[in-house]
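The chain below stands alone, shown as structure tokens; this is the form predicted on its own.
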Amino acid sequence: MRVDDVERIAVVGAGIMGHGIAQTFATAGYEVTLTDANATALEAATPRIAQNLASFVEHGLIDGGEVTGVLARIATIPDLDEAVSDADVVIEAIVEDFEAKRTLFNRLDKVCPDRTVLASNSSSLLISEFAAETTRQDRVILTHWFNPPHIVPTVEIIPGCYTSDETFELIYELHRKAGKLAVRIRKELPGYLVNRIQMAMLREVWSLWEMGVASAEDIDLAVKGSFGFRLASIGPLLTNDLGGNDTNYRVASYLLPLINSDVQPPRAFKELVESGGYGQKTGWGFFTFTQEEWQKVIEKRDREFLQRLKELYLTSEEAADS
């Protein structure tokens, strides 16, 4: 199957990630079916997508006249078998649980057409393991999106041990065609590329917070206004080149033996989680807000992300195409 042959996409899981993935492909012109075992989540998906699209219109990312067509291309279907019955590509976006994914992929393998590619939006698990019992090892692959998926440009494309080159390139080109910044990950490994980098940073951030080096507010402020500010425009390796690799090597030789290298999260972070400090889910974590305040945080985040998307990514892509 070639990328131009793909017409219908099914998304399994209508929650935080799934509804945004469905929106992205519908905006790109694909017919999308969206399903979820949780009826409440499925019912909430269309209003959430409509709200997302209104923000896109507000920021000039799509024309207001496109909204009706995008919504019309998304069908919410409670029955899993019906939702995936004629899909060219299925994208799984359910809970990050090995057994749940294994069970789902085995079912998808039985009910989907032979041509269908099965993709997972796992953020750490290996497709070669939880999809190992399927009969289409050459047509399973990982597509790791980032929250909020309808805004954040990057999607990591990660093949399993037996994923064919044809499938790898098909899914890579499909996501590029849908307007995403697709990145080929050449080796399958836990956490893939981005989450391994992110977790290395978080380990030190949690440690510094536990030691009382700075408050949660000041840690976030420091990161946003320093390397976070730079990383929106230039990646870490180009930053190294511009700053001087000789200098960075000397700094690394001094600091690496001193920074956190634990293989378990810090005790204070463990205690935070065990006491129910999940963040937005429970109302408090490193920060404490009312649900109304959390919603304002999310809205502010999305406005800034949309503006950044428009200025940094869409402009650069248009320039590259001209």
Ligand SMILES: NC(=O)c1ccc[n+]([C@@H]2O[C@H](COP(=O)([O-])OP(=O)(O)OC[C@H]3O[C@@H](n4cnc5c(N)ncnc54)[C@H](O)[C@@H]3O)[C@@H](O)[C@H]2O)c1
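Note that residue numbering follows the sequence shown and begins at 1. Everything numeric here is computed off the predicted structure, so don't read it as measured data.
One more form of this protein exists, namely the form predicted in complex with the named molecule; it is left out here, but the text below deals with it.
A heavy atom within 4.5 Å of the named molecule in the model of the complex is found for one listed residue only; from E133, E96, D79, E166, this is E96. The partner is absent here, but in the model of the complex a heavy atom of N147, alone among S226, T239, N147, T247, sits within 4.5 Å of the named molecule. Contact with the named molecule, judged by heavy atoms within 4.5 Å in the model of the complex, is confined among 181 to 189, 158 to 166, 208 to 216, 114 to 122 to 114 to 122. At the 4.5 Å threshold, heavy atoms of L272 stay clear of the named molecule in the model of the complex, well away from it. In the model of the complex, at least one heavy atom of A14 sits within 4.5 Å of a heavy atom of the named molecule. The closest non-hydrogen atom of H175 lies beyond 4.5 Å of the named molecule in the model of the complex. Though the partner is left out of this view, N38 does reach within 4.5 Å of the named molecule in the model of the complex, counting heavy atoms only.
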